[in-house]
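As a starting point, one isolated chain is supplied in structure tokens, in the form predicted alone.
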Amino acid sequence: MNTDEVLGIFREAGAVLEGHFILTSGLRSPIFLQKARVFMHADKTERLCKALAEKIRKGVPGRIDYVVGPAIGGLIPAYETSRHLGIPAIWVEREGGEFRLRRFEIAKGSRVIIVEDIVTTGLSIRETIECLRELGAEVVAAACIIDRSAGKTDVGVPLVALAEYEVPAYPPDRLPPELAAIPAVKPGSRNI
């Protein structure tokens, strides 16, 4: 599956929004990828995550013991990707502002891959890596459905992206005039 096919699925689901959006990272963008509109369709989600699992198999050497999703955005793609990889899915949750593995235990030395929905700055992945490494896990890679940075974001481990789609993102104090003229909305999951 290539980037055009991935974006085609997002467009079919009405998930490519245009306007002035406040991203989870705090950056502003004229494009928002509302993955919830994709994830509400099991068939679309399955197509994307099956293709992501295939890309992980080809690009990540060695065994993987767990797929880990950062809550909340990574839960559905982590679960569905793990189903196609045939390995368990677990997730981290915010507790006191930091990611914690609250509901699960993993053995030291477990080899894990983090699966996220969309990467912009990579903050959720980096925070998940920190949590898992504190528990003694080996984070072998991260994966996402769409990398909004088109390969420019460093998450600290190799990143497998099903699609790379560079979308402009701006700090709030450096908006282009045409974006500044539109009221901002925050459709994401994390309050900043």
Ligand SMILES: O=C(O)c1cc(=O)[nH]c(=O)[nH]1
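Just count from 1 along the sequence shown to find any residue number. Values in this document were obtained by computation on a predicted structure and should not be read as measured data.
Unshown form predicted together with the named molecule; subsequent notes refer to it.
Asks: Mind telling me which stretch in 33 to 41, 156 to 164, 129 to 137, 57 to 65 gets its heavy atoms within 4.5 Å of the named molecule in the model of the complex?
Replies: It is 33 to 41 that comes within 4.5 Å of the partner.
Asks: Can you work out whether residue 118 and the named molecule are in contact in the model of the complex, taking contact to mean some heavy atom pair no more than 4.5 Å apart?
Replies: So residue 118 counts as contacting the named molecule.
Asks: Is there any non-hydrogen atom of residue 23 lying within 4.5 Å of the named molecule in the model of the complex?
Replies: Because a heavy atom of residue 23 falls inside 4.5 Å of the named molecule in the model of the complex, the answer is yes.
Asks: Check each residue of 144 to 170 against the named molecule in the model of the complex and list those with a heavy atom within 4.5 Å, in sequence order.
Replies: Result: 148 alone.
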